[in-house]
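Coming up, as structure tokens: structure 1 and structure 2, two forms of one and the same protein chain.
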Structure 1
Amino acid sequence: MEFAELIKTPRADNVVLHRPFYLAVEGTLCLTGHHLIFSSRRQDNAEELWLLHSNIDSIEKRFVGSLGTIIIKCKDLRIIQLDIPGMEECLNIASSIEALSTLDSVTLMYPFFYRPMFEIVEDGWRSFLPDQEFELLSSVTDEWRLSCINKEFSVCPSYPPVVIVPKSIDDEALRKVAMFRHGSRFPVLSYYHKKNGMVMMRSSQPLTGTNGRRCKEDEKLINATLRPGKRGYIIDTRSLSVAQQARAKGGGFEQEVHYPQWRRIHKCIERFNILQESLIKLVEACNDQSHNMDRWLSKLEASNWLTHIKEILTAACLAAQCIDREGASVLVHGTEGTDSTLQVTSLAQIILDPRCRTIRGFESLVVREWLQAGHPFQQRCAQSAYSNGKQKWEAPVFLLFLDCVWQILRQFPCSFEFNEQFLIMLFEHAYASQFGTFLGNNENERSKLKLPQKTMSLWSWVNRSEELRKFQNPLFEANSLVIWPSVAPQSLQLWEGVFLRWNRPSKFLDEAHEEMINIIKYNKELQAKVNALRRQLAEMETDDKM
């Protein structure tokens, strides 16, 4: 298919662009296969807007006489308005944008056509391989091994080719366990706690069904993670009633009689359409211009967004507490083990492991616990808060995770090497990007699409020194301790940087941030002078003694 076939009117002049807090600008609108490009004609202040079609969530058309207006609502939550003279031109442009922003084939998306203008110093596709992770693990324990059982994605289609499992469990046993777990997602290592040797594993639900089916290999596998005489905790991210209902469909949970050394705790975390509805309500509340306090607070509460944040953080803190304070190993799962499970395992690691609070450590966490672990980004991020078509699989699971990280970052502003902009950038690229990193639903699909050969990795761009500067937290001081966030309702706040950034001017926030960086820079200069003077003084005292 040629993109030209979908573009009925490639260019329109005298178009007026409206955005909140900016003056209206007149210019030319151009449509290409992947971008909507607006450029102003003003000599004194030439302005350009490049918008990826894949970032467009929905469009609305309005007409007053022959003047047409297109309102474009984006997946990154901004709203822009284009006034286009001529009804036919406006209709043509609107239908072209609709067609180009809803392309069915992944291979027609921009990452397959994007050619970087920067020098590639690092191949991001090879930056965080399982072998490197295993090397770090091997330096502290020899109880685990790399299994290539899933080499051709033949055992579990949503797992990576290589996984870390207990050394005492062979591949034959793993095959049997895979048949006993939903989607064949058998328990694999998620995190090893160096301080006490406890571990966190993740999987999907066991297929116990109504007649209480069991699998001795499964019992042996998860018991292999226990120390003699110690108990473990299974954190099930479903309510007890949902887990019990799952048995009727062939699923279920680990029964005490077969797992006597494990205590099961249910921590209900919502999923799918409930989360999508929550995002839609929250964004609607944030865009409400009525300036009525009661209305704003009741809409914010009705969205339940902060309740979801609290539920996820509470479960993550529980997992971290079991490992660090109780000295117990943990297994986390829900139904599939691709959504709430990953929120809990990755947030628990941010609480426990200082490496995950560095830029590269966090990137590695996203690769390991989200991309390689099979979170279906293509399905979950297909639509954002403005889409009219409701499909079954969309849910802001990754955005909720990033919001939880921001809540912890806000409570511990000096413990993270990265800043809020880094998290916002990841949110934007998960929904629409020129990079191939978040395409596909698992490693199997990415391999079939040949993404490492045909597209550029987000990490190749982010990890260049000129980009990294934008994402560094000027307050960062390495903190090797476990950090315990407060999950009290009073401690949780609306993430304004995502949900209000298009609804308020950012000038003063930018100035304040600039001032903070200057103060920290000046402080470092003064500290260097103090150190130099101390050295001078010490030298003079030594000379006097001689």
Structure 2
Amino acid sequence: MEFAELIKTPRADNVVLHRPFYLAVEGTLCLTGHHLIFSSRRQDNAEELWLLHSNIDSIEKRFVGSLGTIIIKCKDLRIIQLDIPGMEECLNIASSIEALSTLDSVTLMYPFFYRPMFEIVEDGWRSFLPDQEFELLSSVTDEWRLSCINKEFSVCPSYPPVVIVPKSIDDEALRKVAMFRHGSRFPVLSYYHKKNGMVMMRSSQPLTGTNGRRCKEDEKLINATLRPGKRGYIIDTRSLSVAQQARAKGGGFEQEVHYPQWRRIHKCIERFNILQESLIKLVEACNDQSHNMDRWLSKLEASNWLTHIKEILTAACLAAQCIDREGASVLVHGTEGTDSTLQVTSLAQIILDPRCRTIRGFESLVVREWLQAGHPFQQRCAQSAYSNGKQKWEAPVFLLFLDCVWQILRQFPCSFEFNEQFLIMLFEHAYASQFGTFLGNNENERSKLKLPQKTMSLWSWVNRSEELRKFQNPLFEANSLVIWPSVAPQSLQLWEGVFLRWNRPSKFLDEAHEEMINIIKYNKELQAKVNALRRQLAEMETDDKM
């Protein structure tokens, strides 16, 4: 297919662009295969807006006489309006945008066409390999091994080719365990807590069914992570009743009789459409410019977004608490083990492991616990808050995770190497990007698409010093402690940086941020100057003695 076929009107003049808090600008609109480009013709202040078609969530058109108006709602939650003279032009442009923003085939997406304009210092596709992670692990414990059982994705389609499992469990046993777990997602290592040797594993639900099926190998596998005489915790991210209902469909949960050394705790983290609806409601509330406080608060409440944040954070804190405070090992799962499970395991690591609070460590966490762990990004992020069709698989699971990280960052503003912008950037790229990183639903799909060969990795771009500078937190001071966030409602806030980003000017907040950077930068320079002077003085004194 040629993109040209979809573009009936590639260019329109005298188009007026409206954005909140900016004056309307007149200019020229161009459509290319992957971008909508608007450029103002004003000589003094030439402005260009480049919008990826894949960032467009929905589009509406209206006509007043022969003046057409297109309202474009983006996955990053921005809304822009284009006034296009000429009904035919407007209709053509609208239908082109619609077609181009909903391409069926992944291989037509922009990452397959994007040619980087920057020098690649480090290939991001090779930045975070499982072997490196295992090497780190092997330096502290020899109880685990790297299994290549899933090399051809033959055992578990949503797992990466290599996984870390207890050394005492051989591949044969793993195969049996895989048969006992939903989608074959057998328990694998998620995190090793160096401080006390406790571990966090993740999996999907066991397929106990109504007749209480059991699997000795499964029991053996997870028991292998326990210290003699100690108990562990299974954190089921579903409520007990949901877990019980799952049995009717062949799923279920670990029964006490078969797992006597484990205590099961049920937490209630919502799934799919409930989360998607929550996002839609929240964004609608944020975009409602009515001046009524009661309406705002009641809409905020009704969206349940902050309720989800609180639930997810609470579950993650509990997992972390079991590991760090109780010295117990933990297994986390929900149903598929690809959504709420990953929210919990990744957030628990941020709480427990200072490394995950660095930029590189956080990237590695996203790769390990989201991309390699098989969170179906393509399905979940196909549509965002303005989707109006019937969604099936869309859900802001990753955005909720980022929001939770932001909440922790807000409570521990000096403990993270990255800033809020870094999280916002990840949110944007998960939904629409020139990079291949978030394409596909799992490693299997990514390898079939040959993404590492055909597309650029987001990490190749981010991890260059020019970009990194934007994402660094000036207040960062390495903090080796476990950080326990508060989950009281008073401690949780709406993430303004994402949800109010396009609804209010940020000038004064940006200035405050700049001021903060300046204060700290100035101090560093001053410190360097004092040090230099000291040295100089010391040298002179030694010279004098000689």
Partner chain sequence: MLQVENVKLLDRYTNRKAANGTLYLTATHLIYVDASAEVRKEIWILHHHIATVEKLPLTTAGYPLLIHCKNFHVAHFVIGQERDCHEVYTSLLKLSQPVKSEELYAFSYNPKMSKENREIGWKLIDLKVDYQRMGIPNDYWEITDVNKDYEVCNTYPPEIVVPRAANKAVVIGSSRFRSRGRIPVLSYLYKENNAAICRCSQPLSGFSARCLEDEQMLQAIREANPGSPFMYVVDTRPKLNAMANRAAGKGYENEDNYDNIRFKFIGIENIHVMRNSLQKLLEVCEMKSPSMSDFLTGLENSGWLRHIKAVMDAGVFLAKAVKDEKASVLVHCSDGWDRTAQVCSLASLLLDPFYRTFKGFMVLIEKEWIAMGHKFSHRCGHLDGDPKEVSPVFTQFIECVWQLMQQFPCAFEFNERFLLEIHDHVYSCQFGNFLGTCHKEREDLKIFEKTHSLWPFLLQKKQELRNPLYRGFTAYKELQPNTLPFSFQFWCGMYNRFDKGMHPKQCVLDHLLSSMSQKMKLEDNASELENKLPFLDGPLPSEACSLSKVGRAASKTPMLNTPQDYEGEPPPVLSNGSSARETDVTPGVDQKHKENLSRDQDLHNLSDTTNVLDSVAKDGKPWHH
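Just so we're on the same page, residue numbers count up from 1 along structure 1's sequence. Definition used throughout: the rigid core is the maximal C-alpha set that superposes within 1.5 Å between two forms. Being a predicted model, the structure only gives us computed values, none of them experimental.
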Discussion item. Two copies of the same chain, shown separately. Which of them is the form predicted on its own?
Written reply: 1
Discussion item. Checking Leu23 here: with the core superposed, does its CA move 2 Å or more between the two structures?
Written reply: no
Response to the item:
With the core held fixed, Val530 moves its Cα between the two structures by a number of Å equal to 4.9
Worksheet item: For Glu539, what C-alpha shift in Å results between the two structures following superposition on the rigid core?
Response: 8.7
